[in-house]
Structures are given as structure tokens and as C-alpha cells.
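The chain below stands alone and is given in C-alpha cells; this is the form predicted alone.
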């Protein structure tokens, strides 16, 4: 298959592009390198430094590429970026996350792409009752949540109007390899592990009782493959159905490292902070998805790779 991965130099994108290439597919990556790094991409994967906001060049690439499937991972992908001033203008969020997504769908429609699998986020649930399920009412509160949820609405319009096949994946807390380039925007599993390997105390904003549904990258990749190879359409939670407190995460890393490093607690600067997440995954399980890597196993895998 000929496959395009947008945002393919980033964390999930590069892992997916490399995995698809290893499976024998002809893979092309586009990325504007806002946060991703070209060195994340394996040899054999074609790379174009291109933004999803560049409509003419996108159209040209799609018409020449003859792509069968598109995985759309390109996004301003972290709510703290807005707070930190990494992407301070709300227009940046809509340009990339909304207009860029629409550009991808238009180009896919024009060039005969069979299916588009795109990234959404569990953050759209924004404090709904646990476990989060796809039928819950969505009331996004941040630019990140709003723009990713708008993707889902636009995808539904293209499905109803044009008969396009689309699957949106609401990722929970994905962690794993190829994440170092994200720095302070990386998943907390990786950030804590990086610090504690150096003997440093990890920072926890709050008291550490907040919970997250942590998903290892290999399981996230499997969800993408299923979205391509099965009749999955609509939106799907991609998580484990199990959550851990941040205090439990620190304890697991200590146990794995054989250390006794205590975290440093700080006041949380984020407004609309979500205290707890937990994925209901019964919908995606119907298509064969079963998370295989526990948090304990994922930590060991990251250590063995270092």
C-alpha cells in the first residue's frame, strides 16, 4: 500500500511511519518540523518538509502520490503549549488543527484515498464521568480540545456529504520510544523516567493522586493498523481501560530502577486541569483491539531500549 503519514516526524507519527515501512508498505511522511525531528524517521521512508496548511503543495503531493491510506497525526498537540507561549495565537491552533485537517480531507477526496485515520484526543472529555465513553456529551474547554473536537465534526460532515471513510482515534496518555524531542511536552511516564534515571526528583503538579490511563506506543500503533485494515469508522477511544495515580507511577519507576526517589510537588498552573482519565474501550475491542503492554512492562521496555 501507498501510505501518507502527516506529522510523521513526531512521536506517534514517526513510530507509525517506521512500523508501516517495516511491514512492507510504501510510506511518505510530511512534517513542518515544528516539534518533530527528521532523525526520528527510518531509512526507506520518504520525507517532505511540508505543512498541512500549504494547500497547493498538499494537492500536488496527493495527486502525484496516489496514496491508498492517510494517517493524519499533524497537530499542535499539547494544551500546555498554549500556556507556555509555544503557540500563543489561537489562530495558530485553528490554522493547523482545523484548516490543516480540512486541507487533508479535501486532498484525500480529490485523489481517491480509501480511508483517512486521524488523531483526536481523550482531552475532549474534559472531566466527564469515568470511564470515558464515545457516546458521552462533549464540552471542550481549551483551544486544544476545541480544535481536535472540531476535527471530529468536520470528519462527520465529509462522511455524510461525500461518503468518505474516516476513523478518529481519541488517544489517552501515549508514551514510548521516539519521544525525547518533545522535551517538557512528552508524556509523564517518559519525563519521570528520564529524571529518575539521573537520580533527580520528578515534578508533580498537585498532590499526585490524579490518575491517567497510560498507553504504550506499540498498542497505539496496533489501533492505527486496525483502523486501516478493519471497517472501523467514527471515533474510538485508544487506551487501556486501567488508570494509575502519578504517585503510583513514581513508585513503579522506583521499583524498576531499584531507587527510592521522592517526587517534588508543585502547584498546578493549568486552568481546566483534568484530574482523572480512564478509557472505556468496549467499542474498539469489537474490532480486535486488546492492549498488551502493562505500565510496568512499558517502563521496562523503555529502560531496555536506552
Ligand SMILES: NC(=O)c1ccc[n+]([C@@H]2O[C@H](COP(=O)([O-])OP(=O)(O)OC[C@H]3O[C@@H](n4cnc5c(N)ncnc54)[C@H](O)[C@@H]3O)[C@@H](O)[C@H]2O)c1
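The structure displayed is predicted, hence computed values, not measured ones. Numbering follows the first chain given and starts at 1.
From this point on, the text means the form predicted in complex with the ligand, which you will not see here.
Contact here is defined as any heavy atom lying within 4.5 Å of the ligand in the model of the complex, and by that definition each of 34, 119 and 144 is a contact residue.
Screening 114, 197, 159, 182 for any heavy atom within 4.5 Å of the ligand in the model of the complex leaves a single hit, 182. Checking 50, 261, 270, 63 for any heavy atom within 4.5 Å of the ligand in the model of the complex turns up a single hit: 50.
Partner contact region in the model of the complex: 174-182, out of 174-182, 221-229, 105-113, 199-207, criterion any non-hydrogen atom within 4.5 Å of the ligand. Although the partner is absent here, residue 96 is a contact residue: one of its heavy atoms lies within 4.5 angstroms of the ligand in the model of the complex. In the model of the complex, the ligand sits within 4.5 Å of a heavy atom belonging to residue 148. Interface membership of residue 73, defined by any non-hydrogen atom within 4.5 Å of the ligand in the model of the complex, is confirmed.
In the model of the complex, the ligand lies within 4.5 Å of some heavy atom of residue 9.
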